[in-house]
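The chain below stands alone and is given as structure tokens, in the form predicted on its own.
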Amino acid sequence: MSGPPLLEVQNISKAFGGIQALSGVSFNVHSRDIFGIIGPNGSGKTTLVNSITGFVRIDSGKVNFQGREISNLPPHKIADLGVTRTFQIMRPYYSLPAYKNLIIPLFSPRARRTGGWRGGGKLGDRDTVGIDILEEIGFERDSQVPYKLASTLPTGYLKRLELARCLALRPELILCDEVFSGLSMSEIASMLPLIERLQMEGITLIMIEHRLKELFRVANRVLVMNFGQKLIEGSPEEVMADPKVKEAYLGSEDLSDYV
């Protein structure tokens, strides 16, 4: 955690009508962190991610990325700075083949500036680059899967396609909204090494998850949300030992089901 934070969230709040979805939430994420965000249903996790990435305008507070304020910038401006996100409900272009889903981010200003893909493809051949990226995240290059319509892909591939579209922008930070949700145990087991590899390659990850056991295998820091507020932040071990966390979860869900 040496050096300044990559992302600083400072006392942000957001209300929807009379419902206070976020109330004074603050935390920092450092470069190459895998930072987990957990909490019971309705605790404000997705609103927090939407606020950081510009999909929801915050009422007060500040979000800084690499020392620059990004509060309430539109999503495409934030993505252009290197902050991308996946969606809990996948949003591919269903009528396009999987690899064609990457063409739009590969035409983005950020992709043009960064000059292509680390796998070796040239920016001028975006179809090849798209296949390169899909292979990196677990699509079988020599199979028909990269060429299938997104509408025909099972959940496991759609989750990877969400990550691939983020990677096409060559981000500094990816926010993953329940990337393990809906996956089988074997699919999660194959996803965990990918998450760790992205970290080793210099990408910082924020992961919103209900699958605590799997999250705690990779996360080095965890933030617990409850009723729109920060309950506690610490290592996975510190978080799980805190009685306030057990109380928050046991009010609606059995924490033993997750760990």
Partner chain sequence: MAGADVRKERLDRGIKVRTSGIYAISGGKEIGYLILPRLVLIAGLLLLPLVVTNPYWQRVISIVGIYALLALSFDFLTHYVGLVSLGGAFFVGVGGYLAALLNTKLGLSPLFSIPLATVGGGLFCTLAILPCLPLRGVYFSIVTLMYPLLAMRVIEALNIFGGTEGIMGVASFPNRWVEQYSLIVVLLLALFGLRRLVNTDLGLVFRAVKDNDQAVKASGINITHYKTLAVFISASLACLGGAYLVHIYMWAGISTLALDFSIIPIAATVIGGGGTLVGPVLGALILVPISELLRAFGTLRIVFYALILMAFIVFRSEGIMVYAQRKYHQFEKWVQV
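Positions refer to the first chain, counted from 1. Please read all numbers here as calculations on a predicted model, not as lab measurements.
Below: the form predicted in complex with its partner chain, not depicted.
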Legend entry - Per-stretch contact check against its partner chain in the model of the complex, the hit in 181-189, 83-91, 134-142, 153-161 (non-hydrogen atom, 4.5 angstroms): 83-91
Legend entry - The single option of 169, 129, 73, 174 touching its partner chain in the model of the complex, heavy atom within 4.5 Å: 169
Legend entry - Interface membership of residue 114, its partner chain in the model of the complex, 4.5 Å heavy atom rule: no
Inset, instruction - Give a yes or no for residue 27: in the model of the complex, does one of its heavy atoms lie within 4.5 Å of a heavy atom belonging to its partner chain? - result: no
Legend entry - Close approach of residue 55 to its partner chain in the model of the complex, 4.5 Å, heavy atom: yes
Inset, instruction - Can you work out whether its partner chain is within 4.5 angstroms of a heavy atom in all three of 6, 12 and 62 in the model of the complex? - result: no
Inset, instruction - Using the arrangement in the model of the complex, list in sequence order the residues of 83-109 with any heavy atom within 4.5 angstroms of its partner chain. - result: 85, 87, 91, 92, 93, 95, 96, 97, 99, 100, 103, 104, 105, 107, 108, 109
